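Just one chain is shown here, as C-alpha cells, and it is the form predicted alone.
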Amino acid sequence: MHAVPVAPEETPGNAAPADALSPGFADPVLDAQAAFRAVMEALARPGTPQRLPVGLAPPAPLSPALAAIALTLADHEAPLWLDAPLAAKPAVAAWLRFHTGARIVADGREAAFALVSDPAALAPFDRFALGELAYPDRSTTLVLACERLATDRGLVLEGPGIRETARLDAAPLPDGFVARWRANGALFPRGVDVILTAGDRVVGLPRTTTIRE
C-alpha cells in the first residue's frame, strides 16, 4: 500500500517541481484499496480485465494506470525502476517519490516494480530481479502501459486461475514476447510477473501462466 506523502522541503535549492505536487488519488485510502483489489484480481484471474481507478493527472509520459499501480504498490521498501521515456522526465520521478516515498533505482535487478511506458522496447527479463529459489517472491513485477488490450482474440492463455483457456491481444509488446515468456516459465518458481494496462483496464500475467500463439 502506498505511503502517505510527505512534502519535500521547498528551499531555493531544493524546490519540488510543480508537476511533482500535482494530486495523487482523490481518496488515498479508498482509491488505493480499489486499485489493490483490481491488481490482485487481475493476477488471480489471468487474462480477465479488471478496472482501475485512474482519476489521476501524473506528469507525462506516466499514464494514469501506471501511476495508480505505483501509488498502490510502491513504498520505501518497494523500489521503482523507470524505462527510458519515464526516466528522461525528472518530473515523473519527483511525482512518484512525493506520492509513494519509493526509491527510484537505475538497476532493474534492484526494483520491486518496473514501470514501462514503451513496452515495444522492454528490456530482456534478465535485466530485472528473477527471484531466488528460496525466495521466489524477491522478483520484479513489470507494469506495462499498452495501447490496446482485447480478450476476444490473440494469444491463448492457460494455467491457474483460467477456466480452460483465455485470449489476450495486447499491443505493443516487444518482439519475441512469447518466447521470452516461455523462457520465464522455465525458471519457475523464479521469474517475473507482468501487469498489462490500457486506459483503466488491467490484466495480469503471473509467471504460472502459459502462453501459446
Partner chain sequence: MSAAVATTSTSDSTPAALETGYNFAYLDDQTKRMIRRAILKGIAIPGYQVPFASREMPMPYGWGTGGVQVTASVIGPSDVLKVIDQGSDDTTNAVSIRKFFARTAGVATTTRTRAATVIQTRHRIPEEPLAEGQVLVYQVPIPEPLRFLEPRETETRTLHALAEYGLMHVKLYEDIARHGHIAKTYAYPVEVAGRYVMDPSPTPKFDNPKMEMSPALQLFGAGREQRIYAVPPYTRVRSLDFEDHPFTVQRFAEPCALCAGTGVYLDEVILDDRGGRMFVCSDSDHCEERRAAGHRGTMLADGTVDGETTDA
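Residue numbers count along the first chain shown, from 1. These figures come from a predicted structure and were not determined experimentally.
Quick note: we don't show the form predicted in complex with the partner chain, though the next part is all about it.
Stretch-level contact analysis of 177 to 185, 56 to 64, 143 to 151, 43 to 51 against the partner chain in the predicted bound form, using heavy atoms and a 4.5 Å limit, identifies 43 to 51.
The partner chain in the predicted bound form comes within 4.5 Å of a heavy atom belonging to residue 28.
Contact check for residue 170: no non-hydrogen atom falls within 4.5 Å of the partner chain in the predicted bound form. Taking the partner from the other structure, the partner chain in the predicted bound form has no heavy atom within 4.5 Å of any heavy atom of residue 106. In the predicted bound form, the partner chain sits within 4.5 Å of a heavy atom of residue 78. Counting a residue when any of its non-hydrogen atoms is within 4.5 Å of the partner chain in the predicted bound form, the hits in 185 to 213 run 188, 189, 193, 206, 207, 208.
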